[in-house]
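Next comes just one chain, in structure tokens: the form predicted on its own.
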């Protein structure tokens, strides 16, 4: 029997870029025509707040939805969702960033940024600091695209918090800003690539020029003259509007 796969983008990525959601789903559908998409909170914010009962309810509801869709393997774009879902033995869980090297990039994207004059510093997400396959997958993708990169001193399994995690922003915004500023100062270049939309917001708030790796994959080639996309996550209204648009994209593309 064929394996049925699902894609889970998380919460922050749909709030940031409906276009990236649409193009990623399209890419995965070309490989997995029976692809499902799951757009629901994994419960990680409630875990960070110590709301144990609410966490159990939200995570349990998510697992039931995935089972209801008869998904055998779920491909996850969010690092927090990845760690949460790995706690369930009801299905297989894999990171999008680990799956990309296995699938390969579309021919037209390979080497598209070979002439770019930008050197990107890579910021690794702290929830997956011990997941070497994700680190390698991100760097493979950037190399396939043709972008030049450099590593900060605190990288891979030694990466630092971006300042957004653990609900620190609403709990202690002054401390969050200091952590954001520190992380941007770690970077050898002003251009930063991340693979978490919340991390991108932090890099921008810390004064850096940051792009999500899906911006580089599906968007125009970034050069020294390019400006990063707007920090949408800094505006709750814009973030919720984008999440609504992302759900509309999912409804149109998944039948």
Partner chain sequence: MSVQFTGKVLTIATEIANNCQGLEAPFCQAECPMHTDAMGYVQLIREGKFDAAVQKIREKLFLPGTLGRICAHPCEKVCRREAEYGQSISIAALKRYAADKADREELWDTTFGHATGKTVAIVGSGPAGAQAAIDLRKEGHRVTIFERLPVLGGMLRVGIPAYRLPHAVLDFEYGYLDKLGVEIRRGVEVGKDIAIAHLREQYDAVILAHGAHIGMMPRVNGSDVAGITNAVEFLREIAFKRQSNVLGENVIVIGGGDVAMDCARSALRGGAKQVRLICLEKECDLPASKHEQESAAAEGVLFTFGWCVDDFLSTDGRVSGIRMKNCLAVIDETGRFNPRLGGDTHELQCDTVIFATGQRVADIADGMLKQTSGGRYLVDKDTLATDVPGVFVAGDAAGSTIAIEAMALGRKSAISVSRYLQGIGLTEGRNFALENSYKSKFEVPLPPDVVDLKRHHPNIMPAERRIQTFDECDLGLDDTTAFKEASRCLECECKDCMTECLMLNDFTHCPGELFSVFLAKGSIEAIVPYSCNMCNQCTLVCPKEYKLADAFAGMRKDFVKANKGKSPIKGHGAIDIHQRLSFSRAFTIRRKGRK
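Numbering follows the first chain given and starts at 1. All values reported here derive from a predicted model rather than from experimental measurement.
Separately, the form predicted in complex with its partner chain exists; it is not shown, and the next lines address it.
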Original post:
Is every one of 38, 65 and 159 within 4.5 Å of its partner chain in the predicted complex, counting heavy atoms?
Top reply: yes
**OP:** With heavy atoms only and a cut-off of 4.5 Å, decide whether residue 58 touches its partner chain in the predicted complex.
**Re:** yes
Original post:
At the 4.5 Å heavy atom threshold, is residue 45 in contact with its partner chain in the predicted complex?
Top reply: yes
Original post:
Applying a 4.5 Å heavy atom distance criterion, does residue 11 contact its partner chain in the predicted complex?
Top reply: yes
**OP:** Using the partner position in the predicted complex, report whether residue 142 sits within 4.5 Å of its partner chain, counting heavy atoms only.
**Re:** no
**OP:** Could you tell me which of 176 to 184, 132 to 140, 112 to 120, 96 to 104 sits within 4.5 Å of its partner chain in the predicted complex, going by non-hydrogen atoms?
**Re:** 176 to 184
**OP:** Scan 153 to 170 and note down the residues that get a heavy atom within 4.5 Å of its partner chain in the predicted complex; none is a fine answer too.
**Re:** 157, 158, 159, 160, 161, 163, 164, 165, 166, 167, 168, 170
